[in-house]
Every structure is written in C-alpha cells, then in structure tokens.
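One chain follows as structure tokens, the form predicted alone.
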Amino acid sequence: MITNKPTVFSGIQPSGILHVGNYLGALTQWVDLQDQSDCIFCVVDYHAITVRQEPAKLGRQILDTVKIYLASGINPAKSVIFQQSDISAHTELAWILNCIARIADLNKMTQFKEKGASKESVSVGLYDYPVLMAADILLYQTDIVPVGEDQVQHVELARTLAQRFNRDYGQVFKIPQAVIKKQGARIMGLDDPAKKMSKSASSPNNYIALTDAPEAAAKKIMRAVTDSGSEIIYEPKKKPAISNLLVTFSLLNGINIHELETRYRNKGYGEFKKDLAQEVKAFLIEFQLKYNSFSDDEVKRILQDGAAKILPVAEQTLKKVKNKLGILILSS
C-alpha cells in the first residue's frame, strides 16, 4: 500500500453528530489529498470511549461515520479506511509512548483543561488520549496530519515523542507535520460565532448535521445569528457571524468570498440567508443520497479490507520499536 508518496493519517471519533463544519474543515481536505498521497483514514473508536458511550449506539455510529467518509468522496480504492480497535498495535504503541511521555507534556494540553481538568471523576483516558493520538500517527510513519487548529498541539506532542524516542533509542519514527486548511478550518456555530461548530454542542441550532433533514437545516440557516448593521462583508473581527456564513457559502458552492460580497452588495441579511439556506438544502439532498446508498455489509467489508491492508505497516513499526527497546520478540 505504501509508496513513495507522502503518507497522510487522520481520523474522526464515532461519537456525537458529524456536521457541515466537519465536512468543510476536514473531509473535503481529505478528499483533495487522495490523489497525491498515501491516505490512511481511521475511525478512532478508542478515542470515543474516553467518555462514556452507549454500547448499543457505538457500533451504529462507527458504521455511520464510515458512510459519511464515503459520501464525502473518500474512495477505498485510493485510501485506506479502517477501525482503530481492529489493530491492537495502536494501544500497544500508546503504552510504550506513555513510558517516554512526561506529566509535564500532558499538563500542557489545553483541550483537557477545557474538557475536564478540574473534575476528579474525569477518565484517565481523556487525560492521556493525546498519547494514543501520537501512537495513531507514528505507527504509520506519517508525513502529513491534516487537522483543525485545536488539534495542532496534539500533533506537536507526537513530534516531541517521536524525536525523544529517536534520540534515546535510535531512529524509528518519521517526524509528522500538521497541515491546517487555510479557509474553513474553523466553521463557527450558527448560534454563537465566537465558538466553533461542535458535534457536542448542547443546542442543535449550533450546527447543521450532515444527516439533518434538508428543510430543517434550511430553517437553521434562517435562524442563524447575524451582526449589527446590514453589510454583507467578510470582516471576521468586526462581523464574525456574517463572515462565518460567507465562508460556508463560498466553500459549498465554490464561489469566492469577494464575488459573494459583490453579489450581495446593497442587499439585506434576509436575502443572503435565504440563498445560503437553499445552498445548504441542495448540498444535503445530494450528500444524503450518497450516504444512504451504502449498506452496512459494504461498510464492514471496507473496514475489514482496510485493516488487512494496513496491518503489516503497523506491525513493522511496532517490531522496530520493540527491537530498539531490547524487548525480545519470540513469536513470528
């Protein structure tokens, strides 16, 4: 599977609701990378269980996440799609990396501070998941990690741990590089442009789910908050709400923001939002036709084939790591 092209690795947790922000900020970038890179896209189910999941729902969400990958344009003939828990080397390497990681490394992680640093009841897994993420990345000798701004710090930890291991035990790991999409990396909430659109948001008015009924999604656009004044211009600091909607409109239909500003000059928010609502509605109708075209059995075969294809790469890296550590490998 692996060629002389750069290797790309990324993944999404099968938890919560995947939304237009995930599609525009991550999935479209993944699709663009497929022809120029060796792409490995994981459903990171072990990351999902750092907070409690309903067992009856988790399996369903794993399959649905893959269907969203496929509907977005991820092609299993070009990219590997697999389930994290199918390859035990992820957790095995994570334990090894835990033994070279430092408490000081993890205490720097701002996402943990935001999600639960002050709660004694929070799981150890939530605290430690950046190390598992590092293992995910390093296991496949990854060159490029497409991420949002909020995950760059975790890629930096992967780089730190790779460099530390290579220095202390000998060269094994490539040093990965985070890549952030220039436009659309952070699609903000429809109800609060100061906060990122989030699949864990308490209000469904924050996001447009990729599985929302198209009519319901259009209504969410019409209810989206706007800024004072009436000018439809891209000024993220002065007009964060309308700027966010302009980015969304631009990415959905391919018209650049300057052209949109010209089109809606001297027109009101109502007309702009009405047109954006129709754009979102049309996008979801087409997306959901693709999403619903994949059967569960087809998805399971894709996951099994992906794991089989990528397993030798994971095992080779893990074997090198163990050899450097002096761990005897007695089984074949």
Ligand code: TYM
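Everything numeric in this text was worked out from a predicted model, so none of it was measured. Heads up: residue numbers just count along the shown sequence, starting at 1.
Here the subject shifts to the form predicted in complex with ligand TYM, a form of this protein not shown in this document.
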Only hit among Pro240, Pro204, Gly148, Gly73 for heavy atom within 4.5 Å of ligand TYM in the model of the complex is Gly148
If we test each of Ile232, Ile137, Ile208, Leu245 for a heavy atom within 4.5 Å of ligand TYM in the model of the complex, the one that passes is Ile137
* Evaluate Ala94 for contact with ligand TYM in the model of the complex, applying a 4.5 angstroms cut-off between non-hydrogen atoms, and reply yes or no. => no
*How about Ile12: is it within 4.5 Å of ligand TYM in the model of the complex, going by heavy atoms?*
yes
For this session: Give a yes/no on whether Phe82 approaches ligand TYM to within 4.5 Å in the model of the complex, heavy atoms considered.
Result: no
| task | Please check if Lys273 has a heavy atom lying within 4.5 Å of any heavy atom of ligand TYM in the model of the complex. | result | no
**Asked** Taking Leu33, Lys67 and Lys290 as the candidate spot, are all three within 4.5 angstroms of ligand TYM in the model of the complex by heavy atoms?
**Response** no
Assert contact_stretch over 263-271, 299-307, 39-47, 281-289 against ligand TYM in the model of the complex, heavy atom within 4.5 Å, equals 39-47
Restricting to 14-46, the residues within 4.5 Å of ligand TYM in the model of the complex through any heavy atom are His19, Gly21, Asn22, Gly25, Ala26, Val44
